[in-house]
Structure formats: structure tokens, C-alpha cells
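Taking the form predicted on its own, here's one chain by itself in C-alpha cells.
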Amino acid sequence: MSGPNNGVMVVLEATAGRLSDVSLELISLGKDVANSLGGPLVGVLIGASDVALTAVGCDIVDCYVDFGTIGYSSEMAVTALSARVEAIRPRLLLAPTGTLGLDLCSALSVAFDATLASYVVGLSVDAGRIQATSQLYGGKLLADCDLGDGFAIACVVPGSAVALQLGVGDVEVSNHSLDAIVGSLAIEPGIRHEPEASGVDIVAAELLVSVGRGIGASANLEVVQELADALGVPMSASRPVIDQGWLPKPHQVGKSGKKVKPKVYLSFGISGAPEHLEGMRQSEVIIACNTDPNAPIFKVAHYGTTLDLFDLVPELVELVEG
């Protein structure tokens, strides 16, 4: 590839008929970098082209319109993205730290001899050079990295930027076909399984009521759900609750779930494992309720109590409902 321009490319994905939340975050982050560099923001959509016009903030969206009908394979996706990188010559490529990003970024980095920053939680531009901040050891350490002046790739942790509002805008859409690529594949594409649909968006919530293993049983969720309903906010959970099947995956906060930054994070029965803290420690105000005074969550909480949640929550519901 010849020398890069000052453009930024964002890898987009569609789930359940809409752009994923992390795609909207990447558009927001990518737009800031593109504006600082003075180049365009180009999205490459891996999925249905009917959502391309909702990528508001992108100057152009390149769509591989037949990903949904042909299926998915790493080889096909890498080849398709490589073609767009060659054509656009961006300075920076952004992809989500998740199944898609982890599947593609390393291969693209090798193919283009590009600097790769993983688990990125922040990006900035200083004197024309892109600076990345990555988290290490489950978020215990942050490392700053200069991505140089050539083509670079950043694999971004979901929740690291404020997502743009979903809407329809003046976006230039360019459609491309995978036909020529499919014929050269060594591995036949497979069916892409969409994640479970949910009406809950815990990342966008300004207040979250969250539960952990201390809730004891699925039947007890009703106690905390009553508080969440009274406040008009979604309920989230730590991984043990999700693993037990008490709440579906979209409600999970943590390293293997979603990273949230609400104005208030109200937790009940959550001990505060490092994986969970990684997903919520950036909340503006953290309020924790746990009967164990030595629970790790109290190290990050701004306010805390060791009252039994089954005594406290009904009182809170009564106060909220007046």
C-alpha cells in the first residue's frame, strides 16, 4: 500500500437489523480523530446495507451487500477489508474489541505491516501523530502508545466512547460485491448467528440498578427489579447472574459483557471481581450494597452500605414511589 492519507476507516457491524452499539461508538471516536487529522471518516459495513444510512457521522459507507446471504468467514472478511484499505489508504483503522475485531485486526496488521494497538480505551492526536491508550491486566494498568506516522490499527474496547444517536442522515453509500472473493476462498463461509435480541441498552443508561451473586436466587430478582421499575431504568448484572441464566447476556456488565459509564451505578450483592470492576469503574457515582465489609467493590464505591439488600431495597422503593 502506498503512503496513507489522513482518513480514518471504521469497521461497522449490524445486529438485529441495526448498527451495533459499539459501531456507533466507533463512529463517534473515529470522527474526532478524522477531524483532528483533517481527513474523511469511512465506514465499512459487514452486514446488511439497509442500515448504512444510519451511520451518521461517516462521510462514506462502503457496504459488502452480500455478507448476509453468503455467510461469514475470516478469510473472506480480511480479503474484503484489505481491498477497501488498499483503495482508501486510511491513516487509521478502528474495529471493536470483540469477535469481529479480534478475528480481523491481527491478520490486517500482518498483511499491511501496520502498528496494532489492542484493548484501546482512548485515542487522541498530538502534532499530527495518533496516540492510543490501552488497558492492561484487565484494566488495572493503562499504557500510552504512539502509533507512528504510517497506517495503524486500533482495536477499541466497547464503552470507551459516547455512542452517536441512531438516526438517518446524508451518508454516501457505495455497494460492493463479494462474488469475486468467494471463488478464491479456501474455506466455505458459514452461517452467521445473530446474538439474542433485547430491548435493553445498558450502555446508554444514565442510571443502572445492578445485581450480583448475593441476590441468592432468580426468584429474588423481583425485589431489585421493583426498584429498577420504580426508577424507570434497566437492570444490569455481574457475570454469575448471567451464567446462571437469571438474566440474558445483554444485561451483563464486565470484561466479558459491556462496559458502562452511567451517572449513577447502584449495585446490590456484587462483590466486585476485577472482571466486573473493569466494566463499571468509570461510572460517575458508584453506590454499593454488600453485607461483606471487605468486598472489593467498596474500594471503588463512592458510597456504600453493609445493610442486607432485602431490607434496604423495599425501603428505597417506598421512598421512590412516595
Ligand SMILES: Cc1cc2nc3c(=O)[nH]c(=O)nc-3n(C[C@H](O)[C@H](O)[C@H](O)COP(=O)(O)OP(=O)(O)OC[C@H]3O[C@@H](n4cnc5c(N)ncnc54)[C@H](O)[C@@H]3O)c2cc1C
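Counting begins at 1, following the sequence as shown. Everything numeric in this text was worked out from a predicted model, so none of it was measured.
There is another form of the same protein, the form predicted in complex with the ligand; it is not shown, and what comes next is about it.
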Query raised in the report: Thinking of G212, I270 and T291 as one candidate spot, does the ligand come within 4.5 Å of a heavy atom in every one of them in the predicted complex?
Result: yes
Query raised in the report: Does the ligand get within 4.5 angstroms of any non-hydrogen atom of V44 in the predicted complex?
Result: no
Query raised in the report: At the 4.5 Å heavy atom threshold, is Q252 in contact with the ligand in the predicted complex?
Result: yes
**Report entry** the ligand contact at S238 in the predicted complex, heavy atom, 4.5 Å
**Finding:** yes
Query raised in the report: Is there any non-hydrogen atom of A295 lying within 4.5 Å of the ligand in the predicted complex?
Result: yes
Requested in this report: Choose from 271-279, 22-30, 55-63, 36-44 the stretch whose residues reach within 4.5 Å of the ligand in the predicted complex, heavy atoms counted.
Outcome: 271-279
Query - Heavy atom within 4.5 Å of the ligand in the predicted complex - qualifying residues of 294-317 - result: A295, L307, D308, L309, F310
Query - Sense of the change in Cα distance from E25 to E278 in the predicted complex - at least 3 Å versus the shown form - result: closer
Query raised in the report: Versus the form shown, are the CA atoms of L41 and G257 closer or farther apart in the predicted complex, given a shift of 3 angstroms or more?
Result: farther
